[in-house]
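Given next, in structure tokens, is a single chain: the form predicted alone.
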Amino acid sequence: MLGRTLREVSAALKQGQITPIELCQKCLSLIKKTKFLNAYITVSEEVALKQAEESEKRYKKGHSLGDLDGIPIAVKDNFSTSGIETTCASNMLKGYVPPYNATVVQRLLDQGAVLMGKTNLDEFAMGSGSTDGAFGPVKNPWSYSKQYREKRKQKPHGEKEDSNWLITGGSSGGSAAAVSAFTCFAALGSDTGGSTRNPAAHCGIVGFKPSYGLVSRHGLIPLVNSMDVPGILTRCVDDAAIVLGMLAGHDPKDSTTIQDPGKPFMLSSLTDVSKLCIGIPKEYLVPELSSEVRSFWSKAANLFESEGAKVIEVSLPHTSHSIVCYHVLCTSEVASNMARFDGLEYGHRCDIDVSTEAMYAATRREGFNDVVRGRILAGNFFLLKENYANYFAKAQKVRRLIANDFVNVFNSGVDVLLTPTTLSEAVPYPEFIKEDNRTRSAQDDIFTQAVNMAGLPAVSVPVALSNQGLPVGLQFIGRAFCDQQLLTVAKWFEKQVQFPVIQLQELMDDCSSVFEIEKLASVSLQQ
């Protein structure tokens, strides 16, 4: 049951094949079994069981709230949750309990979703590996999969080779691991420069970033206000569309949300792709791209072409400037947002009382890790009066050029862009930490950052396993607010590629029940 899709388990609940309490208990049991993954910072067991009981009462009365009623979900620990600790994986907010729910959390709860807990991340979502949080790194469930161990001839979990576990990607690595390991059916992440799509690719699941303004940011502790978007992590594209339908819509508490998005997020089955035009950005063929990802990217393009779609090479000429531009804008907004953590109103406060300035400095030194402090310093440098015009103002102009590149491509007739999500499959933790956080983030988010600067929707879909037995994801990018079209194309592609289900028999008792993607006329992209 735990391996089914959200839609399938929702049908099982409605048909009485399982009760919300039974489903909740199964997930809680698996969370305990997979505690070593460190996917959760807080497990809200009592809250979840109470919500499951309320859901069960509704089902018995025949008053189900919809597809999410009784469905276990998880939420990244940078979304405010009323009565549940929200830490951003930082000592600065350790022990902080918000008095309200983020809008997206409240909308899920209003639909009867069952909150299993708050998931791990890089501190304040600053990173691309989920390795830099105050509560330790997240381990990729694929590290313990049968597929990977057979390729590596690894020993079972618990022996010495466990030190070579794989990173999840980040910063929403906890949410990705939670979904990948079957401890919930959907999870919220945040996406500022790829933080939902990156871990989704590494963990073999779907990671969707909606158009900026389609989903409310209220209650998402801000990193970069002009780029942050709540993201959705699920096991299939259709499930992502279901969750999006519950979240999308105007929020009076967030002035950036659009007034009337509509909710046409029940995806139809696309059977004919011959009218589609798929763009392949030539600038994304970078030297650092692994040969395997390049091969899968090429095969995916050939798949569309063989089915009658028009596949053309396109140019996004300002792509090469996106990393520097993103760094300047990101750190500048970070410096501004992090100023609120001063030890006065909430969060950590040091014991020094020599002066207000000394208290500020010591509080921030103790509360933030090196990564966060480094970004604050960089941002403040870019925002200095003598530097503002040469850095921040120029970066804003380049951002506009990057956004215009996408507009020009889509205005030329392209419907969807097809790109890699990451440079390679997930790497072992010892290899990942050889580079500093800034270098890692720049490398790992090279294909995803520009989408956030342009405010476009994008989704990462798992396509195949590498020679190491690890997931590889490809990214689809759509026009602004054409999220439904984007997900419809992604759903068609997902059905063709038959991505294999992770095999975690040692961790699950009911692995035989994991879902199988519909076997329509499908083509495996496996090498």
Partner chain sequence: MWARAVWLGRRSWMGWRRGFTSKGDPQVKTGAGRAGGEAAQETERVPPMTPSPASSAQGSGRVTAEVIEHLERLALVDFGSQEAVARLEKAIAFADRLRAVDTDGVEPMESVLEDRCLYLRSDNVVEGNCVEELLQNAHRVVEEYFVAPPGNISLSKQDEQKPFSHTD
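Numbering follows the first chain given and starts at 1. Worth saying up front: this structure is predicted, and the values here are computed from it rather than measured.
Omitted here: the form predicted in complex with its partner chain. The next part is about that form.
- Among heavy atoms of Phe432, none comes within 4.5 Å of its partner chain in the model of the complex.
- The closest non-hydrogen atom of Trp492 lies beyond 4.5 Å of its partner chain in the model of the complex.
- Contact annotation for Phe499: none of its heavy atoms lies within 4.5 Å of its partner chain in the model of the complex.
- In the model of the complex, its partner chain sits within 4.5 Å of a heavy atom of Pro99.
- Residues placing heavy atoms within 4.5 Å of its partner chain in the model of the complex fall in a single listed stretch, namely 219 to 227, out of 282 to 290, 297 to 305, 219 to 227, 173 to 181.
- Each of Ser332, Asp342 and Asp353 comes within 4.5 Å of its partner chain in the model of the complex, counting any heavy atom.
- Screening Tyr360, Trp165, Phe410, Phe135 for any heavy atom within 4.5 Å of its partner chain in the model of the complex leaves a single hit, Tyr360.
- For the stretch 379 to 399, the set of residues having any non-hydrogen atom within 4.5 angstroms of its partner chain in the model of the complex comprises Asn380, Phe381, Phe382, Leu383, Leu384, Lys385, Glu386, Asn387, Tyr388, Asn390, Tyr391, Phe392, Ala393, Lys394, Ala395, Gln396, Lys397, Val398, Arg399, in sequence order.
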